[in-house]
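Two forms of a single protein chain come next, each set out by itself as structure tokens; they are called structure 1 and structure 2.
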Structure 1
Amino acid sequence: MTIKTATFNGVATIEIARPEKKNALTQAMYSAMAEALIAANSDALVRAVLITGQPGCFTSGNDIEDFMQAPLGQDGEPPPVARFMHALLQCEKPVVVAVTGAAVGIGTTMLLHCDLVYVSDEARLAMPFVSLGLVPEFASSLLIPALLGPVKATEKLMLGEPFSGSDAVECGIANAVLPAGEVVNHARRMAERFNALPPSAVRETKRLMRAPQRAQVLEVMQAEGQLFSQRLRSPEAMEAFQAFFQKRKPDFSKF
């Protein structure tokens, strides 16, 4: 099993558990996480959701080999990653995340749509979309410049420069940095605090906080998604993915 789920003391936990592949996410894993979020959102006993990875790695992003088998979804359905992200956006309950080690691509993007984020002192975040011949995803081209400012956003989104947990806290992506061995327990304690709060008031407050940007986020997500789909077919992306599978550096000098 690569996605583990459990509900205890009002917290629905979604654990990415594929350490042998650095928690690379497959389409089946995205589907499982989407289903878990939808179930948690409709369960009256759940007051918060906790998303975690494994010691030393939150997720290395998409499993490229699996992703390339059906990157745009099948039979007219949206790809599982889109279903997961929309389930995350539509979750009315607080979503708390514990990040240890690497959080690459979607591993960083999803944090922008969560409510409380705690990272380890070993965390390393990165959004290397451009290096794969692609563009940012799921409103990161909107939210990252808003948080970091345009010049710092250029470093992260265009150059793909990684950043630390401390950087994530400084720019407002994360709440706090903790020692690696303490992150998950701390995040769980924070999630459990919602058990003592009136659930409707929590949900309505989350809705109010997200509402001003919601339409813009959805609009940007749609625009990014269209460009992302086009870029997947581009010669630059093909070169990047071929280089990945051939374990070499891509050569973009001919473009």
Structure 2
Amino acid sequence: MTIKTATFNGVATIEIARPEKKNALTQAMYSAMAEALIAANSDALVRAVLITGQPGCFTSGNDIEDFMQAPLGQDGEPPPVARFMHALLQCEKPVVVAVTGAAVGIGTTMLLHCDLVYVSDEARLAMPFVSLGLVPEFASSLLIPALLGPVKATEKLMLGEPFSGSDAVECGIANAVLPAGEVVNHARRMAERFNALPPSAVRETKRLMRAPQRAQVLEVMQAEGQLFSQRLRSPEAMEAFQAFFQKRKPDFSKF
């Protein structure tokens, strides 16, 4: 089981559990996470959602083999990754995240759509889309420049520079850095605080806070998604994916 779910004391936990592949997310895992978010949203006993990974690794992002094999949805259906993204955007309840280590690609971009983000002192965030021959996703091409300003965004989105948990706090992606052994418990305690709050007021406040950017976020996600799908089949991306599995540096000199 690569996605574990459990509901306890008002908190629906979604745990990414594929440590042997550094929690790389397959299509099946995105589907499971989408379903868990949809179920949590409609369960009256759930007051908040908690997303966690494994010690030392939150997620290494999209499974690169999946990128190579099944890049698009079948039969006109949206791909599982898109279902996950929309389920997260549509979750009316607060989503709290504990980033336990590496948070690559969607491991970082999903944080932009969560409500409270706690990072461990071992966290290493990165959005190496360009290095993989791809383009940013999950509206990160809109939200990262808005948070960091254009020149810092260039470091993260074009050069793919990794950054620490304290950098993430400084630029407003995360709330606080915690010792690695404490980050999940802290995030859970924060999620449980919603048990004592009036749920409709919480939901309406989340909706109001997200509403001004919502249409733009969806528009950018659509534009990014189209380009991303095209780029998944590009020779640049193929070179990057093959290089990853051959454990060598990609060679883009021929493009």
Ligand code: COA
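From a predicted model like this one, the values you see are computed outputs, not experimental measurements. For clarity, a rigid core is taken as the largest C-alpha set superposing within 1.5 Å between two forms. Structure 1's sequence is the ruler for residue numbers, which start at 1.
Of the two copies shown, the first one, structure 1, is the form predicted on its own. A movement of the C-alpha atom of residue 9 falling short of 2 angstroms is seen between structures 1 and 2 when the two forms are aligned on their rigid core. For residue 246, the Cα deviation between structures 1 and 2 after core superposition amounts to 2.6 Å.
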